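Here you get one chain, nothing else, as C-alpha cells; it is the form predicted on its own.
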Amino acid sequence: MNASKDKVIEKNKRYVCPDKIRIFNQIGIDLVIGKREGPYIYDLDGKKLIDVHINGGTYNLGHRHPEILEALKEGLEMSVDIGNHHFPSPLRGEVAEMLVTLSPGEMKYCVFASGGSEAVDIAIKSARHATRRKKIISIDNGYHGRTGLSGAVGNAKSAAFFLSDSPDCSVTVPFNDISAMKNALAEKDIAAVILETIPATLGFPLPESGYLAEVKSICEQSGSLFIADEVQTGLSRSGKIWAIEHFGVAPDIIVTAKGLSGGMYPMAAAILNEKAGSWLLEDGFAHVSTFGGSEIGCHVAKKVLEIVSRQETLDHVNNISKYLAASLQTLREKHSHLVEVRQCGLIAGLKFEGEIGAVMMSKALYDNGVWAMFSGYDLSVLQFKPYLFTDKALVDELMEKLEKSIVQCAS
C-alpha cells in the first residue's frame, strides 16, 4: 500500500467509518477509489477494476458520463445555484413533468429530495396522510434507506439498532408470500405496502408470476397504497424505464434516486398520484427539503432522463441483457459453484454455494479486476450490475474474470 493510500484509510478509520473499514479489511479489500471513467474505477495504487456494483445504480450511466459532465458544467455556467425550495423553478417544473410523464398509471405530482432515504420518508408520509392510517408493510430483510421513517421499515435488526422499530408503525412479511400479505392487509389499518420491485439487498430475488399485481389488487381492496421503491431498479436498468412496468402494475407512488443523479449531483424524488399527493393542495409547507430539487441537480437529472428514455438506450439494454443472460447461463452450466442466476435486464443476483459464497466471490473478483458487492441480507448472493452501455466485449471480459474467480473459490 502506498503512503498516501495508507493515510486516507487511517484518517477515514479514525473519523468516518471505522467498523466498515474493519469489515472490508477482514475480507481483504482495501479499495480507495481514485480515477474513474465509464465502467472503470481505479484504486489509488493504480489497480483497474470493472465496476459492476455501481453503488446501487448511482453510476447507471457509468462514471463521469460525458453528457452528464457537460450538463453539470452548463448548470454551473447558468445564473442558477441550488435555488430556493419555497418558490417555483423552471428546471424543477421540467424535471417533475418528465418524471410524471415517464411513469405508469396516473401520476400527478413530484416531490424532490436529496437522497433515496428522504424520498422514501416522503412516500411514507404521503401514504399516511392520504389514508389516515399509520402502519406500513414491507418485506422481511427489505431495504429502503436509513433515515427515520425509511429506517423503520424493512430489516428488523437494522430498525432496532437505532430504536426505530415499532409494531405500531411497521409490519414485515416474507417476499413472494401472497398469503402472508393478504393476512397483513386484512386488518384494514395499513397505510401502504412498500416493495423494491426486485429487492436488491436481499439478493435480487425475482417476483413470482402475478405476485406484484396481486399485491396491488389487495391494496386497492383494503384502501392501502402501493409504493414501488425503484431506487436501484429504475431508470432503464431492466430494459424499461421502471422495472415495475414488466409486471403490469401502476403504483400509487414511485421512489427514485441514485441514478437520477447521473453520479454527479444528489437527486431523488417521490412521484405521486392524485390521492397520494393530496397533501400538496392542503399544506405546501408540510414537507420541506432545502436541497431537494436543487436547480443545478435538476439540470443534471433532466439530461439523465433524456438519456435513459431514448429508444436507442432501451433497445441496447434489452439486446445486451440477452447476451449477458446467455453468457451467465453458460457459466452456470459449467460450474456448480454458481447455484442460481437471477436476472431482469442489467439487474442480476448470482447465488453461490455456501453461506458466505458471495463474500468470497467479491474478494476473488476484486483480486481479478472486478468490483462486485455481496448482498447485505444474503451473503451467498453477489450483486452483479453492469452499467447501461455495457457492450459484448465488456461482457466477455467480465465472464472471463467471473469464471476465473469461480474456479478459485470452488477450489
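Predicted, not measured: the structure shown is a model, and the values here were computed from it. From 1 onward, residues are counted along the sequence shown.
If you look for the form predicted together with a small molecule, you will not find it shown, but the lines that follow are about it.
A.B. asks: In the predicted complex, which of 288 to 296, 140 to 148, 337 to 345, 321 to 329 comes within 4.5 Å of the small molecule (heavy atoms)?
C.D. replies: Residues of 140 to 148 come within 4.5 Å of the partner.
A.B. asks: Give a yes/no on whether D252 approaches the small molecule to within 4.5 Å in the predicted complex, heavy atoms considered.
C.D. replies: No, no contact at 4.5 Å.
A.B. asks: Spell out, yes or no, whether the shortest heavy atom distance between G115 and the small molecule in the predicted complex is within 4.5 Å.
C.D. replies: Result yes; G115 sits at the interface with the small molecule in the predicted complex.
A.B. asks: May I ask you to check whether A276 falls inside a 4.5 Å heavy atom distance of the small molecule in the predicted complex?
C.D. replies: Close contact is absent here: in the predicted complex, A276 is far from the small molecule, nothing within 4.5 Å, heavy atoms only.
A.B. asks: Is there a non-hydrogen atom of V231 within 4.5 angstroms of a non-hydrogen atom of the small molecule in the predicted complex?
C.D. replies: Yes.
A.B. asks: Considering non-hydrogen atoms and a 4.5 Å limit, which listed residue (K216, H129, K258, R92) is close to the small molecule in the predicted complex?
C.D. replies: It is K258.
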